[in-house]
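The chain below stands alone and is given as structure tokens, in the form predicted on its own.
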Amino acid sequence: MLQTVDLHKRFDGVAALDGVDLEVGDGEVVAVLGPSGSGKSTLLRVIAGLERPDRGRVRWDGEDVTEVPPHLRRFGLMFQSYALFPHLTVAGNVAFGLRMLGLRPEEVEKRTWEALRWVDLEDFADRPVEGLSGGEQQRVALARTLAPEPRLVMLDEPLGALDRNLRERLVVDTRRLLRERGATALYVTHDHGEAESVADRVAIMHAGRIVQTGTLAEIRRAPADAWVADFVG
């Protein structure tokens, strides 16, 4: 289980995180939903260890991992830009993180092909990523994130760069993959439909704070305040 306790982070005197408390249970998918600038991406970066909090703690199964280096946390983070390596093939991108774990070559190959099957890209293994469509690149990035079997999966606006029709198709695939893998996941988005489709529960974020959690249906029935009521419609 992931826990964040009273996380604070300021940039140039402005609070990006202002006392964030959040729990994600084992096998649970929680969407962090909020407008641009609400602190969603900063929250992921602090949990991943890419930013140090000014105050507060990050815990996994009760163990404090706040000072643990990113590569030792066994958390997977997928960026909106996908951050694929243009000089590598599809298979090379998926295998990269597995090699960093120090796995034997035969294990790297086995798990690479397994991850490509998850996203239906076995026939694309030897293709350069630069020639892929946006949806195909998204699936490569998702396979690369899931292949090392991270104990926490974090997805930062994973469908934000795609057109609506493609997003609607891929959100179903993303939910299926997370469910099949039994993943514990944080899914950052500003899109209400994505959050409702992918997540078991939603955490509404505003001005660096988690202002309400629950299903979107629950939040619509009983919003915590006027801002939440307006935001969820």
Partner chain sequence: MYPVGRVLWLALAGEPGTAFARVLADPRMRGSAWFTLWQAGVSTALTLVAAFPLTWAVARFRFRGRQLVRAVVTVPFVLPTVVVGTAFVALGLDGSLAAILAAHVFYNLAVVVRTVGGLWARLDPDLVDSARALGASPWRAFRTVTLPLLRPAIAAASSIVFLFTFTSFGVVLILGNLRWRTIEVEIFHQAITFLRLPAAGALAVLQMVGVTAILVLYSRYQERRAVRVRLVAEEQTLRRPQGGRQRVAVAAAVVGTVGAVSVPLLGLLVESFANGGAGWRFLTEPGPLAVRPVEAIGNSLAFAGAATVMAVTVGTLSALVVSRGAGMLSRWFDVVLMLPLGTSAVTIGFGFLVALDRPVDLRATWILVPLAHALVAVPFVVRAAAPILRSVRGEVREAATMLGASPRRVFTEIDLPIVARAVAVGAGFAAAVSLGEFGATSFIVRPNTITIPTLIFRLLSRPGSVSFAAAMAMAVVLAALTAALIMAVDRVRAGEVGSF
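Residue numbers count along the first chain shown, from 1. Predicted, not measured: the structure shown is a model, and the values here were computed from it.
The protein also exists as the form predicted together with the partner chain; that form is not presented, and the subsequent description refers to it.
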property: Contact assignment for the partner chain in the predicted bound form, among 56, 193, 37, 70, heavy atom within 4.5 Å; result: 70
property: One residue of 119, 95, 159, 153 in contact with the partner chain, assessed in the predicted bound form (non-hydrogen atom, 4.5 angstroms); result: 95
property: Any non-hydrogen atom of residue 104 within 4.5 angstroms of the partner chain in the predicted bound form; result: no
property: Residue 130, heavy atom within 4.5 angstroms of the partner chain in the predicted bound form; result: yes
property: Contact flag, residue 207 vs the partner chain in the predicted bound form, heavy atom cut 4.5 Å; result: no
property: The partner chain contact in the predicted bound form: residue 167, any heavy atom under 4.5 Å; result: no
property: The partner chain in the predicted bound form - contacting residues of 91 to 123, heavy atom within 4.5 Å; result: 91, 92, 95, 96, 97, 99, 100, 109, 112, 113
